[in-house]
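Same chain, two forms, each on its own as C-alpha cells: structure 1, then structure 2.
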Structure 1
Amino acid sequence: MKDNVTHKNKKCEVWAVGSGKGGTGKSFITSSIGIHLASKGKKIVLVDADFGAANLHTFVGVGKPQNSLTDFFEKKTPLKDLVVNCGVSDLGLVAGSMRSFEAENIKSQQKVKFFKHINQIETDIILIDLGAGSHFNTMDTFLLADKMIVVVAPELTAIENLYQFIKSAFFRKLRLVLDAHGLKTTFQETWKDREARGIKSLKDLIEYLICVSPQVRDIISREMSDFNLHIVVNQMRNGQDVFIGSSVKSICMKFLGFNARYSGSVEYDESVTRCINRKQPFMVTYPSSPVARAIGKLSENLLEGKEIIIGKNGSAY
C-alpha cells in the first residue's frame, strides 16, 4: 500500500514535480501542495532540487537558509540535518543552492547517496521541486519518485516542452532498466545505429526494441504500463483551458503509450505573484481563494490517486 504513509517506520513517499519549461509554476505548485498537506496533518519536507534557479524558500516565506543542498554534496552534511522549519508547522525545507552548482557536476555516486538519504528523512511525504528541462540528473530524480508529477501551462511551448520532458524521462528509464537487466549493449547498439535502422523518435525506438526479443518486449511493456504521470495544468486563463489537461493526458496515452492522470487544474490569479513578491505563502494568505481550493483538490487527488472529471460546461470537480 504505497498510499498509506501514516504508518510508522514506513519509508516516506517521494513526489517529484517536473516540467519541460521554466515558469509554468512548478515551485508555486510544489510549495502550495506542501502547505496544504501539512495543514491536513501530513508531515512534509520540500526539497529544492532546481539547481539552476533555486527559490523554493521564497514561496514558503522564509529567507534564504544558511545551509543548502550544496552542503550535502560538498561537505557531506547529512540531508536530514539540512531540513529547516518553515513558518508552517509540519513543513520542512531543504533549500537549493543558487551558486553555480551545476547539475552536471553531481557525480553518479553522489546521486545514489542523495536518493538513499532522501528516503531516510523522517516524514510522510517528500516533495521535490525539479529544475526545468531534461538534464539526466533531473530525469533520474524524477524517475526515482513514487509519484511523477508534471506541471504545464496552457500554451504551446510549455506543452511541447512537456512532451519532450516526458519522452526524455522514458528514454532515460528505458536505458536504466535495460542496463539493469544486462541488456546495456542491446540498447547502446540500437541507439548508435539508429539512423541505419530508421529510428527517428522514441516511438520508433520502442517499436524497434520490442522486436528484438520477447524478454525485451516484456520489460518494455511492463515499464510502459508502470510509467504513471500525474498532470497538473497551472495558470488557466479561461474556461477552455481546463480541457488542455484532458487533451495532454489523452495524447500521453494514445500517442506516447503511457499512463496518465489529470490530477488537477489551477487558475491564473494575479495575487499569486503579489504574494511571492511579498514573500507570503499564498496558501496561508488566501486560504479560501479559488486557487487555494484548486490546490487543495489537486493535493487530495494526488494523495488518493484520483483525477478530476470535467463537466460538459468545463467545470472541473
Structure 2
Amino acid sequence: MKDNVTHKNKKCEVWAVGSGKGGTGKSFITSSIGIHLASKGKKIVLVDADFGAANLHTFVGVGKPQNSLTDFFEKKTPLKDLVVNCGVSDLGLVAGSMRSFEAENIKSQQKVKFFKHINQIETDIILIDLGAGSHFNTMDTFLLADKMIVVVAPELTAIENLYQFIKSAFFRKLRLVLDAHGLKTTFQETWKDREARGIKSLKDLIEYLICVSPQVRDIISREMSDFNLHIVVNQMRNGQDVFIGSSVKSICMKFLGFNARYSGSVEYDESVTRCINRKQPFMVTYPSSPVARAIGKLSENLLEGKEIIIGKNGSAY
C-alpha cells in the first residue's frame, strides 16, 4: 500500500533518501546517484524535499533556482514545470523551498497533490532528498517511494538516530495499513496494552497482530511486503566501518522483523567537501575516484536489487 497514492499507469520509479540526523552526506549520496545514473542513459529528476535546509542544487553545481517547491505549494505551479536543467545530460532538478516554507506547514491535501504530481513527471527515476529526522510529512514521503534508501555515517549518534528513523517509518507504515482497512482500534488497543501482552518490539507487535485473525494476518503479509529498505554507509574512515551496514541490517530483522538490503558503502574523501564548497558536482570532477566507483556500484545495486556481502576480513563482494 502507498498512502493516498494511485500507482496505475505509473511511468517512473520513486526513490527516497532519508537519514536519522543531518551530516551523514545524504544530499551528496542523492545527487551522486542521480549523476551516475544519468551518465548511464537513465532520465533522472532530483527533488529537494528538505524543506528546512534545501541545498541540493549546490551538490549538482547550479546556482539557487528562482523557482522552488514553494511555488508548487503556494502558487500551484505544476511540479513538472519546476524541473530545471543541471548541466548534466538527462538530469533535472526540482529545487527545495528557498523561503519560509517548512515541512510542518504542509497540509494533508497539499501532500496528496504533491504525491500525485511526483508520479506524473515523465522520467525513469525520481530521487527525493528528504529532510533529516522523523517528521510525519518526511515519513509519508519516504513511504511513498518504491525504494526507501537510508544513509548512515560511522558515528554512534548517527546509528542511533537511524534506528529511530527506521522504526518510526515502519511503525507509521503499519499504522497506515491497518487504518486503511478499518483496524485502527485494533492497532491502538494492542499498542496501548503492549506491556500486558508481552510486546517488547515492533516485531513482537507484528507477531501478535497476525494471530488476531486470518484477515489481519493476510493484510499485514500483503501490505508490509513492499517495505523495501536499502542501507548506505557513507564517510567510512577505516575497515571496520563497513560492518555498520551489516549491523543495521541485523537490527532490522531482530527488532522489526524485515530483511533490509545493505546496498553499498562509500569511504570518506576530503575532495567531496572541496567540491561542495566550490559548487562542483563531485561525480563530474572526480569520475575515476574510489568514491565515484563506490557510488557507481551502489547505484547499480539499487537498480538491480542487489546488496553487498561483507567477509570476515571486511572485504565487500
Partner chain sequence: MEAHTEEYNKYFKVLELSPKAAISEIRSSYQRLKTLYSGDSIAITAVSDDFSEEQRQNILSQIEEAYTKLSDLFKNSERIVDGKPKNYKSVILDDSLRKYVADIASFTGSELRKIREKLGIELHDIAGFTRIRRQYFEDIELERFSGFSSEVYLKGYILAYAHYLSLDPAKVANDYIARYKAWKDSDNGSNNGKLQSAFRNQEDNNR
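For the two forms, the rigid core is made up of the largest set of C-alpha atoms that agree within 1.5 Å on superposition. Please note that residue numbering is based on structure 1, beginning with 1 at the start of its sequence. Since the structure is predicted, the reported quantities are computational estimates derived from the model, not experimental observations.
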Original post:
Given the two isolated forms of this chain, which one is the form predicted on its own?
Top reply: 2
Original post:
Rigid parts compared between the two structures: residue 233 grouped with residue 186?
Top reply: no
Original post:
In degrees, what is the turn of the smaller rigid part relative to the larger one between the two structures?
Top reply: 17
**OP:** Determine, in Å, the CA shift of residue 192 between the two structures after the rigid core is used for superposition.
**Re:** 5.4
Original post:
Can you give the CA shift of residue 214 between the two structures, in Å, with the two forms fit on their core?
Top reply: 3.9
